[in-house]
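Only one chain is shown below, in structure tokens, and it's the form predicted on its own.
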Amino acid sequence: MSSVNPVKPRNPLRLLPLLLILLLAACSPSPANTAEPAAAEHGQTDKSLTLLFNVQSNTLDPHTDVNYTAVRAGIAETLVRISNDLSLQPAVAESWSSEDGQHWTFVIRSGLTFQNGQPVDAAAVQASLERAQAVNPSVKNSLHIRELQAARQELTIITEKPYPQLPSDLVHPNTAIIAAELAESAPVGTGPFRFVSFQSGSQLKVERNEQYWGGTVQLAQASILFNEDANARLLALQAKSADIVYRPPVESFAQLQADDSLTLESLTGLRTHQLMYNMNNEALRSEQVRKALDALIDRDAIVGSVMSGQATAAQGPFLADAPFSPEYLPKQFSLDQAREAFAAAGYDVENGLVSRQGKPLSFCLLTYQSRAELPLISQLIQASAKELGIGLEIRQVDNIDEYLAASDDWDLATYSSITAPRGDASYFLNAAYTSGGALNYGNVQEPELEAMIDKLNGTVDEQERNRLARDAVSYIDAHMLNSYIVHPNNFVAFSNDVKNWVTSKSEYYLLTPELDVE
């Protein structure tokens, strides 16, 4: 894994034309209405900061929010957290143990209180976890909890069967510990920042939690603004209406490098961009058809042109050096290879064009704008398909998770997820490839694969777990159940006045107690 590489300025920034600034500023949040005053204008006790994020959030309920906003904003915390080296660390729980992988004891941090002063004991944690399971079926399905027992500061969790990865699953932001009865509109957690106000899809404001258990919180206030327009995020940074911008457009790297008032960080993350196949489409149930479509993905071109070099070509769901990654089968961009695979699937290939009973093929491809490179990747795949006479209708949706969960009128979908956020393969394998899995939007049903994952779930020994995970991933790879495109770098640009910013590989932690401004 590569470490954070701050990109130092090299050349003076050429000023943008005034008209461009005015036009793009109209798309960005107004500093007068949404941003706190510049941090330099404040004293030590009332420092503030504005962070501009690339994905809109429509709820703050940490148990249902697919964008994890309450955890990212430092309002709520989980029992266990994960560091950038993928090691598990105490958070709400100060320790945990199990002798058999099925009966777990979590010791809740002594003296801990919610932000409203209510004590956090094992009973409060139990109530929060019970609520998470009740309102979010994917949490219930992933944790496999049979029974919860609370006694003062000790919470006993008994799983349905041995489940050795339980602590890593409790890193997930949807398991955040909150005062359960106050969850939906204004969550009350244990984190370094307290909720102040929230405008759905627009902005969140928080303030310092003076009683934070983890030490002094440097910022008095912070705002997270949401804007899916990458160019608007760039202009907000250049106009100084945001101190930190998450994922500025990759094509702006040269401009950002040239601005000596900014720091740009880019590091290998844990996210993977992929192409999903809807197995409810009869054509896509054919392994050869999926392999043909995979051959239309020019990963090298995507890394070089779409991602400006800020990505690594993906051969599978996990980074190649992960201990649970097998030797992936080679992936090659080849129109001829695609034609051969279509022919093997029983399609007609004449004069280089693919058809079925004289009719050309067509598919609906979903994409979304909050990750600006995905529509561009979709267009490259569309252009390759056109060379074979295959039509790809690109349909852009606002909230990809909501759409995929509610609709079945799609064939292919570009999607992006953090595949190994907790240093273990089992989370993603369970979510994406088991019946009812939270990310199994394509309705993959492979009994042999599910048996492999089930065996992995019940295995305690780490080396054996990694071996079983490699077997499962090899199966996914051999049958092309999804196409994995690139591992994008996690990149952030921020003012040099910002101190102690840490670019999180897991992308779970944005506002931290150490974060500061001069």
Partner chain sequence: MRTAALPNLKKRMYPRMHQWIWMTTLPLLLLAAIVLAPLLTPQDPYLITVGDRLLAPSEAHLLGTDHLGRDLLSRIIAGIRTTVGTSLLILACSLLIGVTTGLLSGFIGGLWDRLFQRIIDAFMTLPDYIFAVILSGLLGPGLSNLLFAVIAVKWVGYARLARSVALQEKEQDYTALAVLAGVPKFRIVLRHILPHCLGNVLVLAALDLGKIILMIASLSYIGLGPQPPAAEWGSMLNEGQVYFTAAPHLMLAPGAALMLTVLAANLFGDKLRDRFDVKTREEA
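Bear in mind that the values here come from a model prediction, so they are computed numbers and not experimental data. Residue numbers count along the first chain shown, from 1.
Missing here is the form predicted in complex with the partner chain; even so, the following discussion is about that form.
**Student:** Using a 4.5 Å heavy atom cut-off, which of 306-314, 168-176, 199-207, 271-279 contacts the partner chain in the predicted complex?
**Tutor:** Within 4.5 Å of the partner lies stretch 306-314.
**Student:** Would Thr419 show up as a contact with the partner chain in the predicted complex if we use heavy atoms at 4.5 Å?
**Tutor:** Heavy-atom contact with the partner chain at 4.5 Å: absent for Thr419.
**Student:** Just to confirm, Gln382 within 4.5 Å of the partner chain in the predicted complex by heavy atoms?
**Tutor:** Although the partner chain is absent here, Gln382 would touch it in the predicted complex, with heavy atoms inside 4.5 Å.
**Student:** So, Thr78 and the partner chain: in the predicted complex, are they within 4.5 Å at any heavy atom pair?
**Tutor:** Looking in the predicted complex, residue contacts with the partner chain do not include Thr78, since no heavy atom lies within 4.5 Å.
**Student:** Determine whether any heavy atom of Arg356 comes within 4.5 Å of a heavy atom of the partner chain in the predicted complex, and answer yes or no.
**Tutor:** Looking in the predicted complex, residue contacts with the partner chain do not include Arg356, since no heavy atom lies within 4.5 Å.
**Student:** May I ask you to choose, among Asp259, Asp401, Glu340, Glu251, the residue with a heavy atom within 4.5 Å of the partner chain in the predicted complex?
**Tutor:** Residue within 4.5 Å of the partner: Glu251.
**Student:** Pick from Ala344, Ala301, Ala239, Ala123: which residue has any heavy atom within 4.5 angstroms of the partner chain in the predicted complex?
**Tutor:** The residue from Ala344, Ala301, Ala239, Ala123 that makes the contact is Ala301.
**Student:** Taking the partner chain in the predicted complex, which residues of 381-397 have any heavy atom within 4.5 Å of it?
**Tutor:** Counting only heavy atoms within 4.5 Å of the partner chain in the predicted complex, the contacting residues of 381-397 are Gln382, Ala383, Lys386, Ile394, Arg395, Gln396.
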